[in-house]
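First, one chain by itself: the form predicted alone, in structure tokens.
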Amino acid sequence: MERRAAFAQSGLPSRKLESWRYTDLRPLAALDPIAAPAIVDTTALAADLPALSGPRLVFVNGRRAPALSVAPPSDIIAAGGFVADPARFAALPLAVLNAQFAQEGAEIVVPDRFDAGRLTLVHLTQAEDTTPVFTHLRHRIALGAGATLTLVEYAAGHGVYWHNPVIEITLAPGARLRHIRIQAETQESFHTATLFVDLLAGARYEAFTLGLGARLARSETHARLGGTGAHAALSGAQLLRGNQHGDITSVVAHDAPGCTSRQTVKNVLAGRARGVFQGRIEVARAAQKTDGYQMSQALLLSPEAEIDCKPELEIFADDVKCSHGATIGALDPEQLFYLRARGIPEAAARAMLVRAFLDEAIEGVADGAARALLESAIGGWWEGA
């Protein structure tokens, strides 16, 4: 009854809300999941871990899995059980639900001027029978002044479930975070992630999000550039097929002068898949010399695929450079013919053209191992499609 009462009070967002106009959560509401049970023996899930060496924090069914984790350097504080003040998220229903049901999480703190290398954050969900389950993880990541970290976030699982994580990130002056996110949930699952990023003077946040799995997925980012010279780059790609629905939504608030932001999102859609991109740039009156750019590009591999794009600019400063754009198209038949004429099989030729389309989005991923993981995931998707 507690769970139902909380859902009744907060509720899932409906399409009556402008920010949810293109994504319908009624299938999720009909799921009626229960809290994911604890998995006693997590070692059986080792095969689901990404092929990345180095420290990692693994959570199974919303709980820390020490048997699968590799402790980070002692210089990094990685505590569990972080819970934030839910008042900050009052206008975001899914973040409110996360605060109500949050099970566990991690608090990762990198001290000033420390290079923490690469850390992998893994979310695995295991629904053992036909009963749908949910997980609500909440993490906080804080980088001190001049600190650097490469964070690879990976989500996967088995069965029917709803994964609804919230991550709060704070970057002190001069800090730099490279954030690679891979969503490879099951085709029967629901994935709704909310990310908050606060950047102070000179901080840099460089993110790439790859959406492959889930029946319905939404990755929502709220970035605030609150210090002079801060920079946020939010790139992403969605590769969807069948009846999948993928939504990338971002709100970038320029609250300080001299800040820059870049958003590049690519969608590859096959079958009856539907992709959504909503990108909003907000420029405050004090944020002079702002430079903001966003671009959405979609490649439709089927006449039944659909893409919805809604770029927005809200500008109150007068000395700014902001732009946005969107393109939609199919594979170029002349390029396909050129490759086929040189003996390349059709499937391989189409894969080469799709890969070339995605190049711009992933070229900013500097970590070699993380990039190889992305390449492998994209290759696996194409074989499945």
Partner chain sequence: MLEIRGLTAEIDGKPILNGIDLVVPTGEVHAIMGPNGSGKSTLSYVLAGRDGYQVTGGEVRLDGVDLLALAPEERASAGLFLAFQYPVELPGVGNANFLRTALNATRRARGESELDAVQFLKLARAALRDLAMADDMLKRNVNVGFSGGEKKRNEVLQMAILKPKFAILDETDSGLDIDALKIVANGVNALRRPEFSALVITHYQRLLDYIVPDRVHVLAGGRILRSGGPELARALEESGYAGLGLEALGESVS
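Keep in mind the model is a prediction, meaning the values are calculated, not measured. Numbering follows the first chain given and starts at 1.
This next part talks about the form predicted in complex with the partner chain, which is not shown.
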All of Q335, R340 and I344 within 4.5 Å of the partner chain in the predicted complex, heavy atom check: yes
Stretch from 66-74, 52-60, 36-44, 347-355 whose residues place a heavy atom within 4.5 Å of the partner chain in the predicted complex: 347-355
Any chance D359 has a heavy atom within 4.5 Å of the partner chain in the predicted complex? yes
